[in-house]
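Listed next as structure tokens is one chain, alone, in the form predicted alone.
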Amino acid sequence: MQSILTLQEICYSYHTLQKEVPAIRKISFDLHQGEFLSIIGPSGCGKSTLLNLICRLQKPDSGEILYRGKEDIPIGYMLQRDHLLEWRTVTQNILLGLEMQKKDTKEAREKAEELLKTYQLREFRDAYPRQLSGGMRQRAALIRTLLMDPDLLLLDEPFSALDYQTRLSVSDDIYRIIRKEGKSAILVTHDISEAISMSDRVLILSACPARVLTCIPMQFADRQAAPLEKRSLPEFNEYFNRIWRELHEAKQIA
């Protein structure tokens, strides 16, 4: 299977006036075309920092990050909050990135209309963010990201601000959208169930400074099951218990 992204021996440290604090230590992994990878680890171990390194918001101290063998990485980044602008309508919000890149063309607007229709937001196209539910806001944020046509999506705990029931529903929605659009994705999450149900593989990091402890393929008999359905499959509990044990051990490793 073709690798869309390769990290090779990535190291990164935070620098203060007093000292240097190692955050990431020699992390290496591949992301395959069309794959959904979750990254999970103890709080403060550097998961979000790793996403920032992948999208070039920060630069590694050493190592290489390659996209299909090149250094340019066309990505979309969804953060913990949707960051919709309250004074802009849904349509205006999802077109914001294209406007900033001066790509707000007729074709782009037609694509926006198509995505709004496909993902049940067309009747809210002229609504403002305050008029949307939390799940609808997240779908709008994802549409805004997809309009930039990235090959790779980075998701930094995008469901953490939602209540539990909404979170389950929205994770199903986002999963289906990403699969339908054929995108590769990396999800950072603290939620073991979320990681298992949404991913092809789960990458487990140690306590800070983070290093890769293991990477576990999620192999369900029903390969077409949606995330919510996977939670009731027999394999789910086995994966949950294994990852919980790995995380418990990860907290002891520095």
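Model, not experiment: these values are computed from the prediction. Start at 1 with the first residue shown and count on from there.
A second form of this protein, the form predicted together with a small molecule, is not displayed here; the remarks below concern that form.
Enquirer: Could you tell me if Cys208 has a non-hydrogen atom within 4.5 Å of the small molecule in the model of the complex?
Expert: Although the small molecule is absent here, Cys208 would touch it in the model of the complex, with heavy atoms inside 4.5 Å.
Enquirer: Although the partner isn't part of this model, could you tell me whether Gln33 comes within 4.5 Å of the small molecule in the model of the complex, counting any heavy atom of the residue?
Expert: No - in the model of the complex, heavy atoms of Gln33 and the small molecule never come within 4.5 Å of each other.
Enquirer: So in the model of the complex, is the small molecule close enough to Ser48 to count as touching (4.5 Å, heavy atoms)?
Expert: Heavy-atom contact with the small molecule at 4.5 Å: present for Ser48.
Enquirer: Does the 4.5 Å heavy atom contact test between Ile10 and the small molecule in the model of the complex come out positive?
Expert: No, no contact at 4.5 Å.
Enquirer: Let me test this: is every residue among Thr16, Ala23 and Ser43 within 4.5 Å of the small molecule in the model of the complex, going by heavy atom positions?
Expert: All of them do, each having a heavy atom within 4.5 Å of the partner.
Enquirer: Quick one: of Asp104, Glu157, Asp172, Glu181, which gets a non-hydrogen atom within 4.5 angstroms of the small molecule in the model of the complex?
Expert: Of the candidates Asp104, Glu157, Asp172, Glu181, Glu157 is the one lying within 4.5 Å of the small molecule in the model of the complex.
Enquirer: Can you check 196-204, 217-225, 35-43, 59-67 and let me know which stretch has heavy atoms within 4.5 Å of the small molecule in the model of the complex?
Expert: Careful reading of the contacts points to 35-43.
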